[in-house]
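Single chain ahead, written as structure tokens, the form predicted alone.
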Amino acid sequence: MRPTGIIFFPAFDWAISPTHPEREERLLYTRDQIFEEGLLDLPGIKEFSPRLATFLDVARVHFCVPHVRDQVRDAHLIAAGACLVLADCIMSGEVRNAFALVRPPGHHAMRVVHGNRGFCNINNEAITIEYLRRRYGVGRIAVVDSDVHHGDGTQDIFYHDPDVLCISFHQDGRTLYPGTGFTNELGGPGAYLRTINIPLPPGTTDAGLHYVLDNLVLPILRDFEPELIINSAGQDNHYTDPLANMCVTARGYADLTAKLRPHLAVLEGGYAIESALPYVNMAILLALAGYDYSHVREPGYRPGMLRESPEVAAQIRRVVEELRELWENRHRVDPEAIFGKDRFYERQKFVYYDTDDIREFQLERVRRCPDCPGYLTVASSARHPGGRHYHICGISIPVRACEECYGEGYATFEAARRTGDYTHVYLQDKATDVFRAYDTETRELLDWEG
């Protein structure tokens, strides 16, 4: 059988602060444990080296303010590049699946990037998806986010994309950062029910997690029939994690991986550096490679020590039933009854960058097109540290753009450049792989072409 690929990238030279929970030790303890157990000597596991993602790879996904170079360091490009290396190995058939054990994480990074939020600057999974679509023509892709925090960045990027299914199960946003990820967040008018959020109550155990997986996530995936599944493999649902309140074990994570069978797992959160991460990562790796993981057990765990209350179990069942009914009736939905009949769908957002203390106000408009997903325009304003205020406009043309949306998207970009209302104007032409960034003050136009 083909092996499971793995890349370690601890990012020794990148940290938010020396004592921040998101630090290099998150991977170092795991690497020591995997070496100690001899996993890299197994024929079913093969280690690869990362490479740098390019600015073009980032620009396919993000409007980085003011420029890509201002929002990324080499560590970000290597973490994203590791995912692209493993994506190449999967598509070439060199491996059957893969695990990117990398940092910095990425699932809180949204389409517009003014700084770091939730420990994330750029979205590794989204960059991988756009790379797979451009280089290999992959059609339908599913992202299953198992981090304890809602994958709000990935949701934001693909909220209007009917070809990407985003499923996130996480601790209820009323009790945990980022305060989003509720059952009524279901996607835009052209991608309704391509976003599925499953908020779980604090105290959810392996049993609750697998009830969600068996009764909702796996049936939805079977119906959607993705060509590839990417797992945002956050591990902060573990019962020892200091940043959350869930009760999942290493065995629970491994069983999830064995059932989900992702093509690519990408490390996200998880901050119990000694008591959980080495064991959870090892169990996930063994599950991906098809080896026995039944003897992997974290220190201090005793069978039966974690019990789910009847109230928690009942709340989980209610959420699953609500979402299952929505999914099963998806073909009966009239989008106009939900989103109206206007030519453009608009939504306003306030985004807080907790690491950099940046407050962003955003207006997003997507064209309601009968022939394609529609081009999208986003206007965003934020004051950066140091006092510089940015008011930007970004235009994104989808991969499957129709001729009318393609032309309107370019016309909107040129009109925004001429108005003088914005400090920077950006264009993502995903249909032909052309990306532009215009600085109104200097009149500098940066171009990337695939």
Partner chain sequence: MEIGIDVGGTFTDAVLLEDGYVRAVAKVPTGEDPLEPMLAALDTVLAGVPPERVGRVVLSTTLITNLIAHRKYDPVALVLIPGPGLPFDHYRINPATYIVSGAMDYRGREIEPLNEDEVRAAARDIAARGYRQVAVVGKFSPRNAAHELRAAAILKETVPELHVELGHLVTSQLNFPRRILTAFLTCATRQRYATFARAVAEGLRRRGLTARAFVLKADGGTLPLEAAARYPVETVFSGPAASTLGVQALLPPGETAVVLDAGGTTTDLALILSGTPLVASRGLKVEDQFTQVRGLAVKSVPVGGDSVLERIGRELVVYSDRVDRPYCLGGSRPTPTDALRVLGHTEIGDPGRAYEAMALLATDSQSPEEVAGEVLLMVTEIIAGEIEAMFREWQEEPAYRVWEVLQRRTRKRPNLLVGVGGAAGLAPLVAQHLGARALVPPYAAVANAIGAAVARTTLMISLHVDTARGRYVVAEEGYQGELEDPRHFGEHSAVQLATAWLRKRAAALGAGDEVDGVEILRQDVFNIVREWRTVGRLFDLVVQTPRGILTHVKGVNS
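Remember, predicted model here, so these are calculated numbers, not experimental data. Numbering follows the first chain given and starts at 1.
Here the subject shifts to the form predicted together with the partner chain, a form of this protein not shown in this document.
Student: Name the single residue among Asp70, Asp421, Glu403, Glu36 that comes within 4.5 Å of the partner chain in the predicted complex, judging by heavy atoms.
Tutor: The option sitting close enough to the partner is Glu36.
Student: At 4.5 Å between heavy atoms, only one of the stretches 60-68, 408-416, 382-390, 26-34 reaches the partner chain in the predicted complex; which one is it?
Tutor: Looking at the partner contacts, the answer comes out as 26-34.
Student: Just to confirm, Tyr279 within 4.5 Å of the partner chain in the predicted complex by heavy atoms?
Tutor: Tyr279 belongs to the contact set for the partner chain.
Student: Is there a heavy atom of Arg297 lying 4.5 Å or less from a heavy atom of the partner chain in the predicted complex?
Tutor: Heavy-atom contact with the partner chain at 4.5 Å: present for Arg297.
Student: Taking 4.5 angstroms as the cut-off for heavy atoms, does Ala75 touch the partner chain in the predicted complex?
Tutor: Contact check for Ala75: yes, within 4.5 Å of the partner chain in the predicted complex.
Student: Consider Ala11 of the chain shown here, and say whether it contacts the partner chain in the predicted complex, taking contact as heavy atoms within 4.5 Å.
Tutor: Result yes; Ala11 sits at the interface with the partner chain in the predicted complex.
Student: Heavy atoms within 4.5 Å of the partner chain in the predicted complex is the criterion; list the residues of 266-294 that meet it.
Tutor: Glu274, Ser275, Pro278, Tyr279, Met282, Leu286, Tyr291, Asp292 sit within 4.5 Å of the partner.
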